[in-house]
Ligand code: PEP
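Here's a solo chain for you in structure tokens, the form predicted on its own.
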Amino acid sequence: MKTYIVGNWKMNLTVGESSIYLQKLLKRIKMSKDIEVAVAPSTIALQTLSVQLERNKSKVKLAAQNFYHRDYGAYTGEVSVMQLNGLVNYAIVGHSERRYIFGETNKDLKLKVAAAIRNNITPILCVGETENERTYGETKDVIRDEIFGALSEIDAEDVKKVIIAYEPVWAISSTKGAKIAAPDEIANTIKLIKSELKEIYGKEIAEKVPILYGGSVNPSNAGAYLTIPGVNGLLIGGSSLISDHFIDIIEIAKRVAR
């Protein structure tokens, strides 16, 4: 299975800054068949970066940070996943900031996952517990609810087109008082995610679903996270905005893969 390194730029960088960043990235990294690299810029930068990647014949992929589940219609201000087809290979679904700031529910995310698959875009489904949920021992219930809720209408064939990212909300760098997740905590939750997938789809299918880790990932800890059993890559926030850091993490991923 490939190792996925995905940079989520969130609401940062202008179109020009995004283009300059990408050019620096393309000049400095050498792609490896074992590593899949993707960046998720703001929606307004996707078209420009798509042309830039095509012109450079690069294998770096693009991801959307968000989209609406309807393919078209009278939804002022929204961008449909159908409109993203041809621009992106991946789309982030259910990031904690979408859940807790914008109020997206498991029902919303179920529709988004289905829409992405329908339009041949790989959804990166984010799951993870808050600090309070962790403190009160609710991690298992939260993970189960988020996985079952988002995948309830996805069959065994289509779930192989999904990537899951475990992002404990309490460990995300933009979260107030964020903490560093210990490898054993991450390993235990990865086992839990696999167990839930196995319960729904069976062991053989569950093993084919890549699982990423995200939460204050940086060049200092990326190698340790990538060696945790069951971790197939990283979803990176703050460190992905610093090109040197993101490039370092890509190189670390290559070494770990080898």
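The first residue of the shown sequence is 1; numbering continues from there. In this text the structure is predicted, and so the values were computed from the model without any measurement.
Omitted here: the form predicted in complex with phosphoenolpyruvate. The next part is about that form.
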item: Location of phosphoenolpyruvate contact in the predicted complex, chosen stretch of 182-190, 163-171, 106-114, 83-91 [non-hydrogen atom, 4.5 Å]; value: 163-171
item: Contact label in the predicted complex: residue 10 to phosphoenolpyruvate, heavy atom within 4.5 Å; value: yes
item: Distance check, residue 129 to phosphoenolpyruvate in the predicted complex, heavy atom within 4.5 Å; value: no
item: Phosphoenolpyruvate contact in the predicted complex: residue 217, any heavy atom under 4.5 Å; value: yes
item: Contact of residue 97 with phosphoenolpyruvate in the predicted complex (heavy atom, 4.5 Å); value: yes
item: Contacts with phosphoenolpyruvate in the predicted complex, stretch 230-246 (heavy atom within 4.5 Å); value: 235, 236, 237, 238
